[in-house]
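Read the single chain below, which is given as structure tokens and is the form predicted on its own.
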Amino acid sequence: MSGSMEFLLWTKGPLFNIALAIFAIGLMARLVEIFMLGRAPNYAEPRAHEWPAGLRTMLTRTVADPGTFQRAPFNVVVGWVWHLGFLTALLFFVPHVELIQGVLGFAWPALPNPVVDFATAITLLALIATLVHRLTHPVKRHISTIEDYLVWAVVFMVVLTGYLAYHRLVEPYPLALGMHILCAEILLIILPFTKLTHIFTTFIARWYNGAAFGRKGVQS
């Protein structure tokens, strides 16, 4: 027990601070890199304002259009399921809300534990389904990279270890909780350097595309 408790304290203390620092510095560097790219000056007279068009695209691209749904219903449905489930567990589980309060100084009401538990279980199933689909779909299997499988594995382990720790399916409990925290810290560390960065850049890209098209008077 003493060893598992020391492991838990290490993940909650020094390693958490290291992971948070790498995450913050790495993400800031990526965002600075993106914004420093800039864009070529456009001297044509704008036909519409950029901001409304950009904001509109941010909203409309969030929901798949009928054509996309018809072409790839699995991607749309299962993608929505696991993203919403993951965000529910991340942002509305009582201990996570308390951690956010401690780091940021503010938080929001948590959801009841059974609701978060159900969302976590659904997320696990959806993630397994996405992996099976990727392995069995000829095109997806061909274009998948090591990074794709690494990102999937880290996200899956974060959710799985959290589920196991909550239900105390691994003993001793400090070891189970420490493993969950360790997986979350690995997620923080790799996030700025992998496709997980889309968590922060998706809406920036959508606004940029919408603004560029809006300036030309066309809908993106």
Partner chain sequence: MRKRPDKTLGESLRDHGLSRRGFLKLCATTASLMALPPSLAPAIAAALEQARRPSVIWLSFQECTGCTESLTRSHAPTLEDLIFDFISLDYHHTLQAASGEAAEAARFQAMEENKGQYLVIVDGSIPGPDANPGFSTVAGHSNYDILMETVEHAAAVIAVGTCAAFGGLPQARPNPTGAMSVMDLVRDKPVINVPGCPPIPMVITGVVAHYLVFGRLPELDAYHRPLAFYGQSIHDRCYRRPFYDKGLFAERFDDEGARQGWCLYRLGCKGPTTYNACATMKWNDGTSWPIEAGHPCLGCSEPKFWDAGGFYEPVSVPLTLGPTTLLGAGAAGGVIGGGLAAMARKQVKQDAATRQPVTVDELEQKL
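Bear in mind the structure is a predicted one, so any value in this text is a computation, not a measurement. Numbering follows the first chain given and starts at 1.
From this point on, the text means the form predicted together with the partner chain, which you will not see here.
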Worksheet item: Any chance A121 has a heavy atom within 4.5 Å of the partner chain in the model of the complex?
Response: no
Worksheet item: Any chance L177 has a heavy atom within 4.5 Å of the partner chain in the model of the complex?
Response: yes
Worksheet item: Would R168 count as a contact of the partner chain in the model of the complex, using a 4.5 angstroms cut-off between non-hydrogen atoms?
Response: yes
Discussion item. Is it the case that A29, even though its partner is missing from this view, gets within 4.5 Å of the partner chain in the model of the complex, heavy atoms only?
Written reply: yes
Item to complete: Answer with one of V78, L87, V94, L125: the residue that has a non-hydrogen atom within 4.5 Å of the partner chain in the model of the complex.
Response: V94
Worksheet item: So which bits of 13 to 34 sit within 4.5 Å of the partner chain in the model of the complex, heavy atoms only?
Response: G13, F16, N17, L20, A21, A24, I25, M28, A29, V32, E33
